[in-house]
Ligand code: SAH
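We begin with a single chain expressed as structure tokens, specifically the form predicted on its own.
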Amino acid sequence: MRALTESTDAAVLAAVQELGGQPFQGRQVLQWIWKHGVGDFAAMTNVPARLRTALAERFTLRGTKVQKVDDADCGTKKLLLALPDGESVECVLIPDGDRTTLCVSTQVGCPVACVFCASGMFGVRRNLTAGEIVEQVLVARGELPPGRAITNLVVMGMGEPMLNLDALLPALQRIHDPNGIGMGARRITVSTSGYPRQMERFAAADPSYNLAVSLHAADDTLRRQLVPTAVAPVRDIIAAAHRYFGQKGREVTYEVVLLEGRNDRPEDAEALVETIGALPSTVNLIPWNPVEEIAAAKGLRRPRPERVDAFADFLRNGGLKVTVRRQRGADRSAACGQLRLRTLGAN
């Protein structure tokens, strides 16, 4: 059966009327799906029982189901979601003070194959549908305790968002729409490993979301070692990000996963300062969250705190704005794709 999250509002309204319901009852159904996030037709208490039964015979509310939940001591919660075709995908809830950030995926697996990331170890299986992207928000919202809400959304889980814009853009529209989930565009960030042509298409979308670029290195040779599928030169990626700022007025974030002895040296910091330039931006340094399977095979290490601090200071002294992400959820497979990797390995 088709999940109603895969349907347009017009299609849901038409289905309700076809089953004998009134237009206002169709709008009630939509409110239950998006505003209240119910997972069962029986919970739609102001919808007639006969209409609920008829809908349940023809549709499901969602296609995804929670397969596994990992809770970290810091409060980070990773969800492994089972998809209708037997595939699985991850999303992560990250509480931090009054903020709760949800990280969602756009593909099953990932084609980018960054050497430090678990998401791409089995390649990419398929794109997620728009409904499957939005359902991550609905499911994760249901995992929160009373009084807690998702305040920020980052599209930087499994997959390369720019390679699935056909599903991502309508999904974001649903998430942003006041008649959908109703999250402000300024609270939504999309991360890419750098596809200039697709970044231009993303820039043309309305409304204006935040953009993050997973750069990792300013030198093309080093970047290809870290991101073997990288095709676009760094200068072209930076130029596309600068155009995004010029068009949207939104400051771009450059993300750098730091690996000890690989891209955390003074010369690496100097190259970033020279390449990023003076346009407003933020460099987000992310000390690698180790994945045992990768560390053992490739000899990668999380940099020591003093190396991270020295790298950050060099960038700041070079005129860049810098943040350093603190480690979250390391005790519960929080690295991107790690929970799925270990679940697949156990089967």
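These figures come from a predicted structure and were not determined experimentally. A residue's number is simply how far along the shown sequence it sits, counting from 1.
Omitted from view is the form predicted together with this ligand, to which the following refers.
Colleague: Decide yes or no: are Asp9, Glu132 and Ile181 jointly within 4.5 Å of this ligand in the predicted complex, with each residue judged by its heavy atoms?
Modeller: So, no: the whole triplet misses this ligand.
Colleague: Does Glu255 reach this ligand in the predicted complex if we count a contact as any heavy atom within 4.5 Å?
Modeller: Within the cut-off, so yes.
Colleague: Quick check on Gly157: any heavy atom within 4.5 Å of this ligand in the predicted complex?
Modeller: Gly157 belongs to the contact set for this ligand.
Colleague: Although this ligand is absent from this view, report whether Lys78 comes within 4.5 Å of it in the predicted complex, heavy atoms only.
Modeller: Output for Lys78 is no: heavy atoms all beyond 4.5 Å of this ligand.
Colleague: At 4.5 Å between heavy atoms, is Asn289 in contact with this ligand in the predicted complex?
Modeller: Output for Asn289 is yes: heavy atoms within 4.5 Å of this ligand.
Colleague: Within 4.5 Å, heavy atoms only, which of Ser191, Thr100, Asn164, Ser88 is in contact with this ligand in the predicted complex?
Modeller: Only one option qualifies, and that one is Ser191.
Colleague: Name the single residue among Leu168, Ala269, Ala241, Cys117 that comes within 4.5 Å of this ligand in the predicted complex, judging by heavy atoms.
Modeller: Of Leu168, Ala269, Ala241, Cys117, the residue with a heavy atom within 4.5 Å of this ligand in the predicted complex is Cys117.
Colleague: Given that the partner is absent here, state which listed stretch (313-321, 43-51, 58-66, 280-288) has heavy atoms within 4.5 Å of this ligand in the predicted complex.
Modeller: Of the stretches listed, the one contacting the partner is 280-288.
Colleague: Of 213-240, which residues get within 4.5 Å of this ligand in the predicted complex if you count heavy atoms?
Modeller: Residues within 4.5 Å: Ser214, His216.
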